[in-house]
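Just one chain follows, in the form predicted on its own, and it is written as structure tokens.
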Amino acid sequence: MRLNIISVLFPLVFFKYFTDINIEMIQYMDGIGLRWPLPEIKHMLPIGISFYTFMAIGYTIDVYNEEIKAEKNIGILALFISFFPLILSGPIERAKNMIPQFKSLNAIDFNSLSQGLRFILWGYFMKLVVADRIGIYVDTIFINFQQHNGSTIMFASFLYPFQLYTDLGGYSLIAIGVSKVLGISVMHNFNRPFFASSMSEFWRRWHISLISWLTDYLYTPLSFYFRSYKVWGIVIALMITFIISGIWHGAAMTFVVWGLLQGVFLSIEALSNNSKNEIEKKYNLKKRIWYNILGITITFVLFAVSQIFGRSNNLEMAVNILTRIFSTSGALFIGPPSNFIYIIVGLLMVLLKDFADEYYPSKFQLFDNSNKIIRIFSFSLIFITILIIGVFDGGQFIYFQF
């Protein structure tokens, strides 16, 4: 198993990390007056390499643990690793879910086709109307953050998590929808994460396929290995898991700090969990609206702050951005009014849908409404909105770089 995992990991390590490590070594050796023997090498990163590498490693471990049998049909195995809707940015699927479906493909039925197209439509809305609109504003601020005051930078920092959500969430829905059209059911990747009232709950709702992969193949074995340290074993496992998660996102110290922050947030929750539960039970806090809103707000702010490191080019930039947020003030930069209005409209539509799905799942249905007129109106509204205010010359999906 170890040999197989190493051979699977080698292309990922080489293509994703070798160039950065090599350049760092060249600069370091130059700094101390020595010559590094390797030349500077730059190459293209194969798109989606992190995602199908994780799927291949998961398959290897599942076979080793006898959770599934080794697939003897090389074509089926190759199809699992390279299933085109998922290959670019996931969701990171499991062999035990996908391979049986590949072996028993049925004719495409109307319900699957209809459901798949609905996912695709909403996915394109999230990407083209919301994510790329927010991206125009956020990129403007982050690229020239020295020119903007703290209020504007803070607003852009709070918008960036929504850009990430609608970008990767939109892609995930498109991938899930295309798979559904082909008769394949794929796991969902997001579950209304901005309604989570704690970081542990947030990470059960955000990028679910990655987090469940890390939980099954990294966190759980680590927490078992460190079980003699009791709750501190959990802390060690959390820190290692999220630092590796940060490194998975990119070979930069900004991502290491990002992972470190997630580990710290979750560790504090783990250490204070018993006391928190006692207080919540004593004062019946979980049933109080203000308490839940407070938890949702704190969770969002913590995640947004950590994403400043994920969005910055280097640690110096992240520190300078945080410094400017707390040291400068002024009016909020709006930019082109039309883009700002479109951001508000698109974001409100996404959040209202999430709010209805979260708290009133059976009362405010649009795409699944039993009334045919409402369904047609909903589809038409989303389709026309995409055509009118969608950004069709925006950038690629953010997670293509990972």
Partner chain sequence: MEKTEIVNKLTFVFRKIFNNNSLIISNELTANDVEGWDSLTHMLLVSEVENTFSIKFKLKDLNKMKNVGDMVEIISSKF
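These numbers come from a predicted model, not from an experiment. Positions refer to the first chain, counted from 1.
The protein also exists as the form predicted in complex with its partner chain; that form is not presented, and the subsequent description refers to it.
S.K.: Report whether all of N65, P221 and E278 sit within 4.5 Å of its partner chain in the predicted complex, measuring from non-hydrogen atoms.
M.R.: Checking in the predicted complex: N65, P221 and E278 are all within 4.5 Å of its partner chain.
S.K.: Within 4.5 Å of its partner chain in the predicted complex, counting heavy atoms only, one of 150-158, 319-327, 245-253, 279-287 shows up; tell me which.
M.R.: Selected range: 279-287.
S.K.: If the cut-off is 4.5 angstroms on heavy atoms, which of these, I293, I108, V301, V231, is the one near its partner chain in the predicted complex?
M.R.: Only one option qualifies, and that one is V231.
S.K.: Can you pick out, from L238, I141, L214, V178, the residue that has a heavy atom within 4.5 Å of its partner chain in the predicted complex?
M.R.: The option sitting close enough to the partner is L238.
S.K.: Is there a non-hydrogen atom of R204 within 4.5 angstroms of a non-hydrogen atom of its partner chain in the predicted complex?
M.R.: Yes, R204 sits close enough to its partner chain in the predicted complex that at least one of its heavy atoms falls within 4.5 Å.
S.K.: Can N274 be called a contact residue for its partner chain in the predicted complex at 4.5 Å between heavy atoms?
M.R.: Residue-level check for N274: yes, a contact with its partner chain.
S.K.: Since only the chain is shown here, I'm wondering whether R227 would be in contact with its partner chain in the predicted complex (any heavy atom pair within 4.5 Å).
M.R.: Yes.
S.K.: Considering only heavy atoms, tell me if A270 and its partner chain come within 4.5 Å of each other in the predicted complex.
M.R.: Output for A270 is yes: heavy atoms within 4.5 Å of its partner chain.
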